[in-house]
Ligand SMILES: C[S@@+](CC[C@H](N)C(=O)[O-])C[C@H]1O[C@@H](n2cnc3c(N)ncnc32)[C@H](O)[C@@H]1O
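As structure tokens, one chain now follows by itself in the form predicted alone.
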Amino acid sequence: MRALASGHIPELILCDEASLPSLTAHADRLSDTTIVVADEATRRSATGLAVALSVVGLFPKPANVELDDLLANNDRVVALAQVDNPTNVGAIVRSAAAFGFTGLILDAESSDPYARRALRTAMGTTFDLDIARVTSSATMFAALRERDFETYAMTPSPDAVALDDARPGPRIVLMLGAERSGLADEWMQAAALRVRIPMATGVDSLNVAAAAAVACYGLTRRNG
């Protein structure tokens, strides 16, 4: 339903009878959509899901936006490099949306935010973000500088600036990398500021999705 509310048009909807009234608010956009009403057993069999959801939609995959368009229309952006676990990507998307980050940039190695696991973890908030994928980090950083974005690279390194001490301006990009190796050197060196989350002695890092949630909140609080 979140995808439908965000303006995306499904090719097919599979639902129970009780859900039909909730679709009437979107009737003007569902004229070309096939709507199938089915019982619980049929819905479970058709979708392969253990739980028979009351409404399931089949949507065309949204197209990514161009990087320039994303940067023109969004002031708070998350950028991911080599984050290849779809569950982590989905959790990051959910945190980004929760704390007012409306753009997502992915490198070529990061998981598809529209993958099933990513979408389920994101609880559909993926449809609320502008998403771009880049193949050249140099091109990305040049575009960010041209549009006056401040770039914050997350790292557990003790010599990085503590998140509480960051003073973000109106246009910010939060950059996160793979859990195994962290943010790539190319991204780390190009960032305006390296930022860490202060943690208790003996704990050296967080899961990338958890780190994203803390950082999105921290930068939003400082920015807002």
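Since we're looking at a predicted model, the values are computed, not measured. Residue numbers run from 1 along the displayed sequence.
Only in words, not in the display: the form predicted together with the named molecule, which the text now covers.
*Asks:* Heavy atom within 4.5 Å of the named molecule in the predicted complex: which of M199, L58, V51, A46 fits that? Just give me the one.
*Replies:* None of the others qualify; the residue that does is M199.
*Asks:* Identify which of L30, A178, V37, A166 has a heavy atom within 4.5 Å of the named molecule in the predicted complex; exactly one of them does.
*Replies:* Exactly one listed residue reaches within 4.5 Å, namely A178.
*Asks:* Taking 4.5 angstroms as the heavy atom distance cut-off, pick the stretch from 151-159, 61-69, 38-46, 22-30 that is near the named molecule in the predicted complex.
*Replies:* Of the stretches listed, the one contacting the partner is 151-159.
*Asks:* Can you check whether I9 is within 4.5 Å of the named molecule in the predicted complex, heavy atom basis?
*Replies:* No, I9 stays farther than 4.5 Å from the named molecule in the predicted complex.
*Asks:* Taking the named molecule as it sits in the predicted complex, is V208 in contact with it (heavy atom to heavy atom, 4.5 Å or less)?
*Replies:* Answer yes; at least one heavy atom of V208 falls within 4.5 Å of the named molecule in the predicted complex.
*Asks:* Taking heavy atoms only, is A191 within 4.5 angstroms of the named molecule in the predicted complex?
*Replies:* The answer is no: A191 has no heavy atom within 4.5 Å of the named molecule.
*Asks:* Closest heavy atom of E17 to the named molecule in the predicted complex, within 4.5 Å or not?
*Replies:* Contact with the named molecule, no.
*Asks:* Can you work out whether the named molecule is within 4.5 angstroms of a heavy atom in all three of L106, L119 and D128 in the predicted complex?
*Replies:* No residue of the spot touches the named molecule in the predicted complex.
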